[in-house]
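This document opens with one chain alone, in structure tokens, the form predicted on its own.
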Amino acid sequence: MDGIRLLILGTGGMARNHAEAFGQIPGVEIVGGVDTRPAQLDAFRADFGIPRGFASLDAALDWGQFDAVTNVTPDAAHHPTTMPLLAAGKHVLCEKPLATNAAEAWQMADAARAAGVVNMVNLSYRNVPALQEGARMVRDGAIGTVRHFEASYLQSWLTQPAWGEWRSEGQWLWRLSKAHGSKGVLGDVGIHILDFATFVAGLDVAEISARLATFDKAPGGRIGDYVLDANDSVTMQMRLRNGALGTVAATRFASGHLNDLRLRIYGDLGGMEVSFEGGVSRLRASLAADLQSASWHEIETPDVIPIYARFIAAIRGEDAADPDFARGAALQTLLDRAEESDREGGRSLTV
């Protein structure tokens, strides 16, 4: 399939990234947009020259003249909007998290498998060159058997307005409110750092324990219609399938860090540091020849094809659909177990 007709479901801020990226891929035509907000939909269509607009997914499905969909709706809408798309035989790239609970995420993964369509979840940090090269090196045995790791995702948008004024802008406030579909920092960025760490390690999680914290951010814990009850910080401890131990943390209160991810991972033959900080991808390692002096050196990282292009390549049969819905569902299982562990005082739970 050379020419691919793409529908964009949801036209919020992240949808602009999707429209810009897909609009640059040869043979891809963005044929329609879907949003329940007429003014936002019209403005989005005008900005990107999109010929058709639909006030509902049902209306778009009735029309049906599209091959694939990029689902950029809020978290809670992923499951109810993706399921009818899969039933209609459409290829789907879905924003993360795949769903708001593991049961629905696995339902999506099973439905996608049964439909035989390309299904991918937008774990955007898979686009980081250091992540991909680090994962390849671990697979190739560069650090030996993984024994220990520590990972963090640090944001500071609750301590400064660099990305916008969260106290007055709905695009940020919904992320702080369970009633508006938010799973807090755990669901928003915790999923990224869990993928970051376990993808490089190449190992699944066997046990997990977690503690979540929600801090006072406004009088009475609310701003207008938004009850600010979603978690702001999370720490997790986990054991991988091979017995390796590690810690993962995520927070929106990391003053001085706009959007920084880091993984330190150690094996019996070497260590590695994978980072994406200040928008810069960096890979450092201390391998067998360096261990006596405990010296570290930079590793060159080749460019990575972004997920948008890989989604189209997968539809054309030119690349694997990775990360797929099954990966998204496995990560959602970790999120659910982390929440369960916190409710039980941080008890370690099997996965």
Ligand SMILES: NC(=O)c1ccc[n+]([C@@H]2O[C@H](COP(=O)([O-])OP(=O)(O)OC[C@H]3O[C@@H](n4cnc5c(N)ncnc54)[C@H](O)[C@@H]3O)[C@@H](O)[C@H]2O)c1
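For every residue, the number given is its place in the sequence shown, counted from 1. These numbers were taken from a predicted model, which means no experiment stands behind them.
From this point on, the text means the form predicted in complex with this ligand, which you will not see here.
S.K.: Find the only residue in Glu133, Asp195, Asp188, Asp232 having a heavy atom within 4.5 Å of this ligand in the predicted bound form.
M.R.: Exactly one listed residue reaches within 4.5 Å, namely Asp188.
S.K.: So which of Trp106, Trp174, Tyr266, Trp166 reaches within 4.5 angstroms of this ligand in the predicted bound form, heavy atom to heavy atom?
M.R.: The option sitting close enough to the partner is Trp174.
S.K.: Within 4.5 Å, heavy atoms only, one stretch in 234-242, 211-219, 73-81, 135-143 touches this ligand in the predicted bound form. Which?
M.R.: Answer to the contact question: 73-81.
S.K.: With heavy atoms only and a cut-off of 4.5 Å, decide whether Gly12 touches this ligand in the predicted bound form.
M.R.: Judged by the heavy-atom cut-off of 4.5 Å, Gly12 is in contact with this ligand in the predicted bound form.
S.K.: Is the gap between Asp67 and this ligand in the predicted bound form 4.5 Å or less for some heavy atom pair?
M.R.: Asp67: no, not in contact with this ligand in the predicted bound form.
S.K.: Indicate whether Ser124 is a 4.5 Å heavy atom neighbour of this ligand in the predicted bound form.
M.R.: Heavy-atom contact with this ligand at 4.5 Å: present for Ser124.
S.K.: Is there a non-hydrogen atom of Ser286 within 4.5 angstroms of a non-hydrogen atom of this ligand in the predicted bound form?
M.R.: Close contact is absent here: in the predicted bound form, Ser286 is far from this ligand, nothing within 4.5 Å, heavy atoms only.
S.K.: Across 94-112, which residues bring a heavy atom to within 4.5 Å of this ligand in the predicted bound form?
M.R.: Contacting residues: Glu95, Lys96, Pro97.
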